[in-house]
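Given as structure tokens, the chain that follows is alone and in the form predicted on its own.
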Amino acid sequence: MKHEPVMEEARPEMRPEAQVIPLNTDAADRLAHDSESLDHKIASALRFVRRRLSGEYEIDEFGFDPELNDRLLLPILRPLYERWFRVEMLGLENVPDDGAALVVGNHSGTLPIDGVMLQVGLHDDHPAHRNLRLLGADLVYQIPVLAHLARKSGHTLACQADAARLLAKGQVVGVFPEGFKGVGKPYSERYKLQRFGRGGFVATALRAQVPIIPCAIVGAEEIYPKIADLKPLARLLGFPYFPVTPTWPLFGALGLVPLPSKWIIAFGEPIPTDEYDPAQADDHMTVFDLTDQVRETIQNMLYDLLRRRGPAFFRV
């Protein structure tokens, strides 16, 4: 009698449905972490919007809004700082972790972008994340939207009264003594410091007994190379100058994109003022000598940084 062969029962490991696919625990953990991070960001953003709508946020007497600055204004500027200009910060140890100081820098670039890059750098790269309180020209506060944003980000009018009040509160205050003479100078005079006014910043530091910190900024001169000035149009519009650059106004709005020069910002050793009597703020020779010392220090720093940087556009 013929028997049918008996089929052996398939072993579990041979059944496709019994095969086990190992889980990548690292990938799963990353997915879970990313999901939690996204949920946290969404919840944080919603809380931020709710506080703004309900008015549950604080501003100081100058209009500075720390939360708006941290959550909105600085993130907008950060890509310029990190990727476009690739800013390198040097000498941050010369800026105190707390207490008042007066940062004095050179001014350039046709548009005053150097000030906001300096602000981003001190906030992001300084160990104590100091907020720089910049002193701005009158023109800034005559432009409605710009004036509002400047106040929100911690800027205030360039006057001795406001500077003294900020320093008395232990703030780091930033000033550009060249003013429009520096930011609006032609490209042929790049990195040559203009006159430092009458030394009002020195008098302010002497009265407040705070250190003066020289600051040199290399890179801003190349972002909008000014090759001409349409003075009649500037007078008509009430501007200190109306620049012509290789890209503006030839290329219209595209010409407003700054050129991606490599930047270096350096802080020099603080110049103490507590060795002087505050009354010497009214002594013209003392103010003149200190002003000249600060200007000469910054000029020498600029020369050193230019040698360190090399070409403006071919360096990562």
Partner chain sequence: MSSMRPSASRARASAPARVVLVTGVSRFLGARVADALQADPGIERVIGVDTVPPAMPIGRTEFVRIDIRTPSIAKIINAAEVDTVVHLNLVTMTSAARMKAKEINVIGTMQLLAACQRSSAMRKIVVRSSAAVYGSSGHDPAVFTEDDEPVLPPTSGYAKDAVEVEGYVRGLARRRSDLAVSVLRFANFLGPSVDSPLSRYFHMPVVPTVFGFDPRLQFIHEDDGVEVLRRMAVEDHPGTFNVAGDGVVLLSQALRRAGRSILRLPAPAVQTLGDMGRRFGGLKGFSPELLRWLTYGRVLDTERLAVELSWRPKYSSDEAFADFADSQGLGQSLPLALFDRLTNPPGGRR
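Positions refer to the first chain, counted from 1. Being a predicted model, the structure only gives us computed values, none of them experimental.
Keep in mind the form predicted together with the partner chain is missing from the figure; the text below concerns it.
### Query
Hey, of 170-178, 97-105, 147-155, 77-85, which bit sits against the partner chain in the model of the complex at 4.5 Å between non-hydrogen atoms?
Of the options, only 147-155 has residues within 4.5 Å of the partner.
### Task
Please pick, from C159, A228, A128, L233, the one residue with any non-hydrogen atom lying within 4.5 angstroms of the partner chain in the model of the complex.
Of the listed residues, the single hit is C159.
### Contact residue in the model of the complex, from D282, D70, E275, E61 (heavy atom within 4.5 Å of the partner chain)
Selected residue: E61.
### Query
Does D138 reach the partner chain in the model of the complex, with heavy atoms at most 4.5 Å apart?
Heavy-atom contact with the partner chain at 4.5 Å: present for D138.
### Query
Heavy atom to heavy atom, is Q142 within 4.5 Å of the partner chain in the model of the complex?
Q142 belongs to the contact set for the partner chain.
### Heavy atom of Y57 within 4.5 Å of the partner chain in the model of the complex
Yes.
### Query
Are any of the heavy atoms in L256 no more than 4.5 Å from a heavy atom of the partner chain in the model of the complex?
Heavy-atom contact with the partner chain at 4.5 Å: absent for L256.
#### Entry: Site test, L306, R309 and A312 vs the partner chain in the model of the complex, non-hydrogen atom cutoff 4.5 Å
So, no: the whole triplet misses the partner chain.
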